[in-house]
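One chain comes next, on its own, written as structure tokens: the form predicted on its own.
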């Protein structure tokens, strides 16, 4: 195998894994919230961007180390999520067809945040990049990969593994799966359904924030990434099956490799829409999603 072929292969592999784990993280956060609360969170892309911009501000404007800034931003998502849940989200728990109400609510949040970002960060710059968490480059054969991206990819993978273990083996995960399957039966068995709603909203948003932070650590970005990520996360959730965490994990990785391959052999513009075409084809044959129960 020639060096040129090997470089293309390794570039596809590393880019696919990097994008895939970030896509999976965000999609898992969206799925956890939707599966428990029936809340299609249209604001997930803006929350993703909010985390990225906060890390950029903390590092560039205030001079914090990127690792410390990342932890600070992810931690800040917890009180923010509790505040949103207490003031807005819980008011719709008993509303019939609340998924429609939540969709309209989160669309409003999306428009508000997009407007704020446009008149603040949009005026300051049209491209954002934070200093690397880890400096240097690692050579994989003839292919160089930035240590910063490698670290972000490994951290994202570790977070996905921790999430899977939490949802599968911890009592919260068992209660969450019970609510996913039948919330009335779960309540009869003593599960605090509203408590699960609250914890799921906090956890889901924290995971979305983590995805935004890791993306900012690995890539430069602009304000349009919010809309791209919102569409991507919804597409992954729909194909994987609404409420299926495993589906979000698997389809997120598939989407990452799809975008990486199409970007290399076609163009990034085509790549951004390639998986949406795949989504339409899959839904023609299995409208409930590949991993729906």
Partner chain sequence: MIDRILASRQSQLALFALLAFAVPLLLSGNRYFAFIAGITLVHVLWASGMNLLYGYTGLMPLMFAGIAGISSYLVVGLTSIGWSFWLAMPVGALAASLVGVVLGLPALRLKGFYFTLCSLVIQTVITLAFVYFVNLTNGDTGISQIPLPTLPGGASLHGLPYDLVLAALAVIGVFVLIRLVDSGFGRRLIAVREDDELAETLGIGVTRQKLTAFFVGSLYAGIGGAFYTPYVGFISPRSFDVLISLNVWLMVAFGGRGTIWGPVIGAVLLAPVPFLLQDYYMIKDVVYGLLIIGVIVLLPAGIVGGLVRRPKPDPEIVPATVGEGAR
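Numbering follows the first chain given and starts at 1. Bear in mind the structure is a predicted one, so any value in this text is a computation, not a measurement.
Form predicted in complex with the partner chain: not shown, discussed below.
For the three residues 38, 104 and 231, a heavy atom within 4.5 Å of the partner chain turns up in the model of the complex in every case. Per the 4.5 Å heavy atom criterion, the partner chain in the model of the complex is contacted by stretch 88 to 96, the sole one of 200 to 208, 88 to 96, 74 to 82, 163 to 171. 116 is the sole member of 139, 116, 188, 154 with a non-hydrogen atom lying within 4.5 angstroms of the partner chain in the model of the complex.
Note on the partner interface in the model of the complex: the residue among 109, 193, 146, 223 having a heavy atom within 4.5 angstroms of the partner chain is 109. Interface membership of residue 283, defined by any non-hydrogen atom within 4.5 Å of the partner chain in the model of the complex, is confirmed. Residue 181 belongs to the set of residues with a heavy atom inside 4.5 Å of the partner chain in the model of the complex.
Proximity of residue 227 to the partner chain in the model of the complex: non-hydrogen atoms within 4.5 Å are present.
Remark: residue 135 does not count among the residues lining the partner chain in the model of the complex, judged by a heavy atom distance of 4.5 Å or less.
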